[in-house]
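Quick setup: one chain, the form predicted on its own, written in structure tokens, and binding and motion questions come after.
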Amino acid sequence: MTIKLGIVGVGKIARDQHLPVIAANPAFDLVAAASRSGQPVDGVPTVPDIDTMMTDHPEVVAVTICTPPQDRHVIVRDALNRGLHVMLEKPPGSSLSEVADLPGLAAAKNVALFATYHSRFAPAVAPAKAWLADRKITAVRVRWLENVRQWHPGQDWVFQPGGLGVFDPGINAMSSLTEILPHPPFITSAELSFPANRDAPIAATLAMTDIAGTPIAVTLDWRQTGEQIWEIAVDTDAGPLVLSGGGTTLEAGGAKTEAHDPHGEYAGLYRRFAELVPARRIDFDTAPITLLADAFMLGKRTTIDAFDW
């Protein structure tokens, strides 16, 4: 049976990724969109909020939430209380207490709930995880360097409280890292660079380790110009592994594989959601956002020059 779907929030990520992937997946029928800005979605009725969506389109049984994280909790609770299956764009919320509240409600309502991390669905992530499973890891270095002006042009919410700043892409790094490493990592210290006119960091360095004492160094920066770098390098007893291109390229054991589909990660997310909905299951990993919350708790804050678009 086709899943009658609504989408809440139709900004850049929804238009770049969600809408094309939904249109290409026969498991879903997008029947309505909710947009506070009133920006229309071609071929789909657009309403201002989820209340109007459900009044006008009671056939909707599942929703994808693509709003900024500061607004997520109220919207998701509303959707779950209506008995809707919910898929969340990352991050799953703007605080750990909000995030922790949602799986229990979904279970009580017997509906599917999916906290998505699209980077985990990059084509080289699963092979990297398999290659590392029986290796001794001696060191890990993560570099996630991108240009906020390119990926979030003029979106002030990313630098407001709860917007996460550079941890918005940083959660992609954490989701890939926690997926491929055989032991869970944790934060030991952090340094966070806050522009003088912003309330969230634009750069961060994190020191991490795991139960085996492996040193893990993470560099996140939203001021990158030129080549965008999304890389995890792992030293092992069998030689190095490098997962690059955000998970599209893997070099390990002297071999290199590369595959890139601009919508591949999100196609994987929707295939997974199509499995969760009929089974009414919950897939809600909190490890990536917990690590970022720990970085905020343990981080030393430094004020740097103001940032403007």
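Model, not experiment: these values are computed from the prediction. Numbers for residues come from their place in the sequence shown, where the first is 1.
Separately, the form predicted together with a small molecule exists; it is not shown, and the next lines address it.
### Task
Could you tell me which of 245 to 253, 278 to 286, 33 to 41, 55 to 63 sits within 4.5 Å of the small molecule in the model of the complex, going by non-hydrogen atoms?
Only one stretch passes the 4.5 Å heavy-atom test: 33 to 41.
#### Entry: Pro91, His118 and Asp168 each touching the small molecule in the model of the complex (heavy atom, 4.5 Å)
Yes, each of Pro91, His118 and Asp168 comes within 4.5 Å of the small molecule in the model of the complex.
### Message
Residue-level question: is Ala23 within 4.5 Å of the small molecule in the model of the complex, judged on heavy atoms?
### Response
Flag for Ala23 set to no.
### Message
Is it the case that His85, even though its partner is missing from this view, gets within 4.5 Å of the small molecule in the model of the complex, heavy atoms only?
### Response
Taking the distances in the model of the complex, the answer for His85 is no, it never comes within 4.5 Å of the small molecule.
### Message
Please determine whether Gln155 contacts the small molecule in the model of the complex, using a 4.5 Å cut-off between heavy atoms.
### Response
Answer yes; at least one heavy atom of Gln155 falls within 4.5 Å of the small molecule in the model of the complex.
### Distance check, Phe273 to the small molecule in the model of the complex, heavy atom within 4.5 Å
Judged by the heavy-atom cut-off of 4.5 Å, Phe273 is well away from the small molecule in the model of the complex.
### Task
Using heavy atoms only and a 4.5 Å cut-off, determine which of Pro68, Gly268, Pro240, Pro45 is in contact with the small molecule in the model of the complex.
Only one option qualifies, and that one is Pro68.
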